[in-house]
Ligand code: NAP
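Below you'll find only one chain, the form predicted alone, shown as structure tokens.
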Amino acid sequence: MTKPTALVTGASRGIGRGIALELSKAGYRVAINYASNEVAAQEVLTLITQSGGEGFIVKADIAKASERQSLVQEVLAQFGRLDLLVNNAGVAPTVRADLLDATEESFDRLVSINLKGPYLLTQQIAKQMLKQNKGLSGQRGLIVNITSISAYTASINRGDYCMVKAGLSMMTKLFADRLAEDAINVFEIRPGIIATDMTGAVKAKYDKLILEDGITPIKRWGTPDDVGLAVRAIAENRFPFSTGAILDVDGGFHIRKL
């Protein structure tokens, strides 16, 4: 097999969907992970196969140890090796609650899915990558963590989300440091305001912030394709001398200006 392989968690919709489609265009065989929406995952696979790509769908809740284990086993059974892991799966708080009213249940849910799951999945897959010979790119593997501008931007009505994204950002640095000498580079992509199901409920608010208040120098919503293109650049080994690096896909939100 000469085609490289990728696993994208939470790939059935939104940003994960955009990433999976771009990786297929880059020549990757793609494992499309989903937790519940099989129909949406199948739609992504159909788009990939219709354009001449290869992949398969695989159900797993990354917050659960047994399902992480079966996820990795199934990917390896299908592909034989794994060249790229994209930790994209994540959820927002069910209720945007004030910091003083946020519940333990919400905190535990976000930590389990958005931080613990990716951390332990990355640990497991990194061990597999260490066993692999270097691929055509000269790497044993690549790991990409999808975080958010919320990793450094305070939102007091979803503090748990900000905290787990900040944790995922530190996780990038830790794995990058640990794995660099083994030819496994690790990256963080920080999307800004992206048009997905997750942001649909606050569309009017962000329309005003973007179009009227100029919160981003580039005055438009981001799209899943924007994030997918950034992941594709990493997947095509455009940054061989970088690891632990952050790619801001945020319309310039990160620029501090007066």
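Values in this document were obtained by computation on a predicted structure and should not be read as measured data. Numbers for residues come from their place in the sequence shown, where the first is 1.
If you look for the form predicted in complex with the ligand, you will not find it shown, but the lines that follow are about it.
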Q.
Using a 4.5 Å heavy atom cut-off, which of 143-151, 124-132, 73-81, 169-177 contacts the ligand in the predicted complex?
A. 143-151
Q.
Residue-level question: is Ser24 within 4.5 Å of the ligand in the predicted complex, judged on heavy atoms?
A. no
(Q) Is Tyr34 near the ligand? Define near as a heavy atom within 4.5 Å, in the predicted complex. (A) yes
Q. So, in the predicted complex, is Ile62 in contact with the ligand at a 4.5 angstroms heavy atom limit?
A. yes
Q.
Taking the ligand as it sits in the predicted complex, is Asn88 near enough to touch it, meaning that at least one heavy atom pair lies within 4.5 angstroms?
A. yes
Q) Within 4.5 Å of the ligand in the predicted complex, do we find a heavy atom from each of Arg13, Ile113 and Tyr161? A) yes
Q) Of the options Met198, Ile57, Leu229, Ile215, which one has a non-hydrogen atom that comes within 4.5 Å of the ligand in the predicted complex? A) Met198
Q: Any residue of 172-198 with a heavy atom within 4.5 Å of the ligand in the predicted complex counts; write them all down in order.
A: Pro191, Gly192, Ile193, Ile194, Thr196, Asp197, Met198
